[in-house]
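Only one chain comes next, encoded as structure tokens, the form predicted alone.
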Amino acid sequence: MFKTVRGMRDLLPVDAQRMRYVEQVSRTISKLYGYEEIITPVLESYELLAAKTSEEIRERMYTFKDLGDRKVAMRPEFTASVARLVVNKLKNEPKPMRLFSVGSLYRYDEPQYGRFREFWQANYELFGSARPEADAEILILTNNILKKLGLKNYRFKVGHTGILRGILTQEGLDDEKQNSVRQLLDKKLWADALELASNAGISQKGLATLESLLEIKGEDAFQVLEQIKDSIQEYESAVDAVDNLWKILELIQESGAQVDVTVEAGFARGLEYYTGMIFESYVPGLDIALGGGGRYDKLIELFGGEPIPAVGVAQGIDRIVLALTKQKVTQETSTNSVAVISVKDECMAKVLELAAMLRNKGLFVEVAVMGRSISKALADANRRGVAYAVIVGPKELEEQKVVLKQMKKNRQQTVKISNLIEVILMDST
């Protein structure tokens, strides 16, 4: 008997429905904010995907040689593909440019709770603005998605890559060493990160500054930023990074958006291309990020394009579904679902006609196709959570009528076919 490949999943109807619901809300929010949808290939050149991701992700990509002897890989994240598209086909588009994409991604991770080898994300990228209001938009947009979905008590962990980068650059560490330190911090391997920095030649003052930063975090954002600033006064570009993050959070606060944040001075994300603000979203009791993103102003240039500032976020659809399930959040569903049941075979043509009529009015319609008795067909409709049953019999048809049963109320009435849609719609409002 064949089984799914390890780390891959079959999504049964209820799971698929939850995933598509999160995708639907994500797509709706993209339209509200003016993000245009694009679709990029699942398969890309290995060189593209490996160019500026983390070493850990490079090692976990699904890679192979195709029949043309080209080294290719299945995308482990969206941003590299989107950057390629911008460089090749969208470079002359007016700015700002807002792009949305959604689909499956692949990493050879060890399967565990909330981590799969095939997973789904909804991705938002804003190109062309280096201003703090662009960063603020991405955070507020993410907040609106989680709020619209009905999640409770979620928070954002927020930091700025420029704080650590500013210190390490001034201390003389090259990009490779800096990326290694940040990746260890991303894994919360604090001692290893400090040891690596020390071995790379950081001064005692720099090492002490890093150690102090790892202790600075809290929910009073501006108080935490003051603490960070006091610790890094001798590192000018790190101070500029704090000022930038201050402005972003100040804009969000003054806009009236209710965004709960925890600022962490030592926060780092594994991807190498981040240059500014970074963030992740969390819910209590689920120790994995629901999504995350940040600013990356140099990636387009790295792929051969003109310098274009950019900021973006990826929402983890699978993980958001886990969070919704954990919090027992029920999704919005239509009450206008109908089962159309034939009493006799001779009525089946009319059943199909009525089903088409109801669907044309936007109702969700199932036709009873198993030839079961009325009682069994009704029991099946009830098991499926159908709101209404339309029972079509020869006697009622002679008078151009059908029987309409309200399943939850266990109440039925005979109605004229010409009034059927009106009765259903009035009852469901």
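As the structure is a prediction and not an experimental result, all values here were calculated from the model. Counting begins at 1, following the sequence as shown.
Beyond the structure shown, there is the form predicted in complex with a small molecule, which is absent from this document and is the topic of what follows.
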- request: Using a 4.5 Å heavy atom cut-off, state whether Asn143 contacts the small molecule in the predicted complex.
  value: no
- request: Consider Gly292 of the chain shown here, and say whether it contacts the small molecule in the predicted complex, taking contact as heavy atoms within 4.5 Å.
  value: yes
- prompt: Should Arg269 be classed as touching the small molecule in the predicted complex when contacts are defined as heavy atoms within 4.5 Å?
  reply: yes
Interface membership of Glu353, the small molecule in the predicted complex, 4.5 Å heavy atom rule: no
- prompt: Gly128, Phe303 and Glu306: each with a heavy atom within 4.5 Å of the small molecule in the predicted complex?
  reply: no
query: Just one of Arg165, Arg98, Arg107, Arg84 has a heavy atom within 4.5 angstroms of the small molecule in the predicted complex, so which one?
result: Arg107
field: Listed residue that, although the small molecule is not shown, lies within 4.5 Å of it in the predicted complex (heavy atoms), from Phe156, Trp246, Tyr235, Phe116
entry: Phe116
- request: From the candidate stretches 172-180, 309-317, 146-154, 193-201, select the single one in contact with the small molecule in the predicted complex, where contact means a heavy atom within 4.5 Å.
  value: 309-317
